[in-house]
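As a starting point, one isolated chain is supplied in structure tokens, in the form predicted on its own.
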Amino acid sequence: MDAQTLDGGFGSPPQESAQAFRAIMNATAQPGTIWQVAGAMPPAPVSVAAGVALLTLCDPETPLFLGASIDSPGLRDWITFHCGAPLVSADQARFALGIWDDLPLDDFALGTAEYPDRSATLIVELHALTDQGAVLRGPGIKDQAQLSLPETAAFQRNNALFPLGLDFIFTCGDRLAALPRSTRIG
């Protein structure tokens, strides 16, 4: 194991993970809002925000899928050391990390009528994350919000499955935003 694998985690895990968890929960409660996070330095090409989400949400109990474009031995070692999350195929994952084109949406768990919470959350790396683009409406949004999504049709189909469906966290640099399945996309 090299030094890069050992570096890049939270310097002060209790405080930084609490701050990161609060930012992720705020982003989820207020779809379309963008939050700045810090504390993680994962191996390239993974962003700071995606690293923060992994350190905060993943542990040995949360199976993780990695998209092909970001999957590397260095990232696998970093995740194993800092999170302990088992790396699995898409159909077994509770969390996924990748760029939009690497995430096989149809393969992830959507939950069941009895247990809608047994769905996957996808951490999607974007080239840009802005409060412009698709119009969002629904719980946590006063009138409407906007967010730069990679497309709209997939999110509209996902919302039509509610209360089943996938939840999304979008990351770019040190910023993140969330799109829960309850959000309607215009």
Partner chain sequence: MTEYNFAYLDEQTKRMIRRAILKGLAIPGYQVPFASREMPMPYGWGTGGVQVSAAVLTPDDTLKVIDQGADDTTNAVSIRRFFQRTAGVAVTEKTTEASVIQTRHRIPEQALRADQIIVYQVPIPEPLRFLEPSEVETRKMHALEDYGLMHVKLYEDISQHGAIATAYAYPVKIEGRYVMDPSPIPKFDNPKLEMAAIQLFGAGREQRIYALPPYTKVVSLDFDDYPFQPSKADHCCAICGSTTSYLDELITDDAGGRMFICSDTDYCATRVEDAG
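Everything numeric in this text was worked out from a predicted model, so none of it was measured. Numbering follows the first chain given and starts at 1.
This next part talks about the form predicted together with the partner chain, which is not shown.
Across the proposed site, 89, 146 and 160 without exception lack any heavy atom within 4.5 Å of the partner chain in the model of the complex. Considering the partner chain in the model of the complex, the lone stretch of 38 to 46, 125 to 133, 149 to 157, 51 to 59 in range is 51 to 59 [heavy atom distance within 4.5 Å]. Although the partner is absent from this view, residue 14 contacts the partner chain in the model of the complex, with a non-hydrogen atom inside 4.5 angstroms. Of the heavy atoms in residue 30, some are within 4.5 Å of the partner chain in the model of the complex. Using a 4.5 Å cutoff between non-hydrogen atoms, residue 69 does not count as a contact of the partner chain in the model of the complex. Taking the partner from elsewhere, residue 34 is found to have every heavy atom lying beyond 4.5 Å of the partner chain in the model of the complex. Looking at 135 to 166, the residues that come within 4.5 Å of the partner chain in the model of the complex, counting any heavy atom, are 139, 140, 141, 142, 162, 163.
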